[in-house]
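Only one chain is shown below, in structure tokens, and it's the form predicted on its own.
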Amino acid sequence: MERRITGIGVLAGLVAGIVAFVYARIFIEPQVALAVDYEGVRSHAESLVTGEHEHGHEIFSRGVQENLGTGIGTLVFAVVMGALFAVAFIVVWAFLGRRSPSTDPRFVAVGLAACAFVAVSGVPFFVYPPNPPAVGEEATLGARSGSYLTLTLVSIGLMVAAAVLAFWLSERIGGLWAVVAGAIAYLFGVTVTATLLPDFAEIPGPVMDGDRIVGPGFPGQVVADFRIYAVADQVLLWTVLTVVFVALLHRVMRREARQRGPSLVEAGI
């Protein structure tokens, strides 16, 4: 049974990755192209000021990056998320299934997906919004990556702790207030963590030659559009992953219930 659930998690992640890649190819890649064009304009402006000309050569062409590179990256991320989500569901369902067998596993999967999206994508994206190429100093790349990874790991750990707290409180103060207490504890934890982590505001301003502007700053509209499309892409990925997982989970569990006995089917599993 666990192997089947893990399999449908991987399949759901694969489907979600394909949908997310198509969306990214249509909506996000044009914003990346605008950012790459800006890099060329800025490099030319800086060469006018410094007199130095940089001749960078890309290892992979833009066509390879926006098609093969984006596609592989999106699919790998989605499949890994699908597999991890399935494992998390198995653990949660093993606990809830024994305590409350009448619980609908589909509701558990949807609730788990909502928590996973908030912990893995929602909070890290809110604190460190994604930026298109040409935004951010190369010297702070390591610090930015480390801060984002730290926040993501802490966010996942706090979400697990908040869920445990909610389960522990549910028999004492009721399910609703237990969930509220868990949510407050999680928000408090991620807020403190985000406050302790460094802040980065590195959108390039105009290129100046004394008091004269020789090159424009990074277009703010491109940054805004890129962030909106990037967040929407994550929402789309998690939504498709959840819908496919729940649909396949329902089929697998009904088949399992038929094999065990008709009483489980009549119970609504």
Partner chain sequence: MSVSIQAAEQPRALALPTASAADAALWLTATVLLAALAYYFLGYDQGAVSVFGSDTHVHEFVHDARHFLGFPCH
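Computed from a predicted structure; not experimentally measured. Positions refer to the first chain, counted from 1.
Note that the form predicted together with the partner chain isn't included here; everything after this is about it.
- With the partner omitted here, the residue from Val243, Ala230, Val214, Val223 that has a non-hydrogen atom within 4.5 angstroms of the partner chain in the predicted complex is Ala230.
- In the predicted complex, the partner chain sits beyond 4.5 Å of every heavy atom of Gly40.
- Not displayed here, the partner chain is approached by Pro101 to within 4.5 Å at the level of heavy atoms in the predicted complex.
- When contacts are judged by a 4.5 Å heavy atom cut-off, Asn131 counts as touching the partner chain in the predicted complex.
- Contact between Met81 and the partner chain in the predicted complex is found at the 4.5 Å heavy atom cutoff.
- With the partner chain left out of view, the stretch that reaches within 4.5 Å of it through heavy atoms in the predicted complex is, among 188-196, 111-119, 139-147, 165-173, 139-147.
- Of the residues in 177-191, none comes within 4.5 Å of the partner chain in the predicted complex through any heavy atom.
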